[in-house]
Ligand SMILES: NC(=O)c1ccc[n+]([C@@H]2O[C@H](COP(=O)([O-])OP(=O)(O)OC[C@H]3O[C@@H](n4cnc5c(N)ncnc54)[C@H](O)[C@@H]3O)[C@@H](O)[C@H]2O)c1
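In structure tokens, one chain follows: the form predicted on its own.
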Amino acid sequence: MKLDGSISAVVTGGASGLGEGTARALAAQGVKVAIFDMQADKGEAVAAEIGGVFCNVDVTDDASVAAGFEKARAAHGQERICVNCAGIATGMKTVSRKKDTGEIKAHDMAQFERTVRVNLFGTMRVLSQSAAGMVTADRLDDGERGVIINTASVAAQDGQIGQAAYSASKGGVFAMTLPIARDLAQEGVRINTILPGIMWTPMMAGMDQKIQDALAAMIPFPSRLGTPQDYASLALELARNVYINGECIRLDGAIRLAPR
């Protein structure tokens, strides 16, 4: 797919972090970008800077997502690119023990369900509504109608202690990539998934510099945290290269996560 002013995109989680980096990179190529996010102030500011449109969207709600697509398509037409970066990070052991009393507690299922609802169900909700629009679009010169790029995590493959919920949610995104690619193949819509490693995000920025340095030292090469620009570079290549389909790609500097 040629990235230029004839193409429009939707980026969830586009107000910050990996999503913001991707929104900015797409806009730099001339692509018309709609940002789906719940951070209205940040989202509006980024959209204004890149000449895009902000849509206040909760990915856990069908009507909210549908309204977001309605607004985005009214402004830019049918999106050809959908990048799913919206997500949450949670941590809790399967069984925990209180230090003071020794009381044993099972995993909080409300937290588990919320993690899966946002990261997995939210991704599916957005991509399915996007794909439903894409399949109605005219085919491009190479027969393609659109491309979906999802965000999983290296935790989908080597989740750490306390990451059962997070790994399950991201593992679902990983696992559904190939069957969705097969579902949409005859429609000319591709789907790929990126599995980021330890990335520099707003959450990471709040950590002590010593912790950031220690995390960076764990990465074989390059020994630094991944950046939104690293993610965006891969996302743009996945959009451009029509022969990459049904693939899950680690973006991690060759790290393999230890148990803790």
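All of these numbers come straight from a predicted model, not from anything done at the bench. Position 1 is the first residue in the sequence shown; the rest follow in order.
Keep in mind that the form predicted together with the ligand is not shown, yet the notes after this line are about it.
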- Query: Within a 4.5 Å heavy atom cut-off, is residue 168 in contact with the ligand in the model of the complex?
  - Reply: no
- May I ask you to check whether residue 16 falls inside a 4.5 Å heavy atom distance of the ligand in the model of the complex? yes
- Report whether the minimum heavy atom distance between residue 202 and the ligand in the model of the complex is within 4.5 Å. yes
- Message: Although the partner isn't part of this model, could you tell me whether residue 216 comes within 4.5 Å of the ligand in the model of the complex, counting any heavy atom of the residue?
- Response: no
- Message: Just to confirm, with a 4.5 Å cut-off on non-hydrogen atoms, which of 45, 38, 66, 234 contacts the ligand in the model of the complex?
- Response: 38
- Note on the structure: The listed residue (118, 181, 175, 140) that reaches within 4.5 Å of the ligand in the model of the complex by any heavy atom is 118
- Item | Which of 45-53, 58-66, 24-32, 216-224 lines the interface with the ligand in the model of the complex (heavy atom within 4.5 Å) | 58-66
- Query: In sequence order, which positions of 73-94 have a non-hydrogen atom within 4.5 Å of the ligand in the model of the complex?
  - Reply: 85, 86, 87, 88
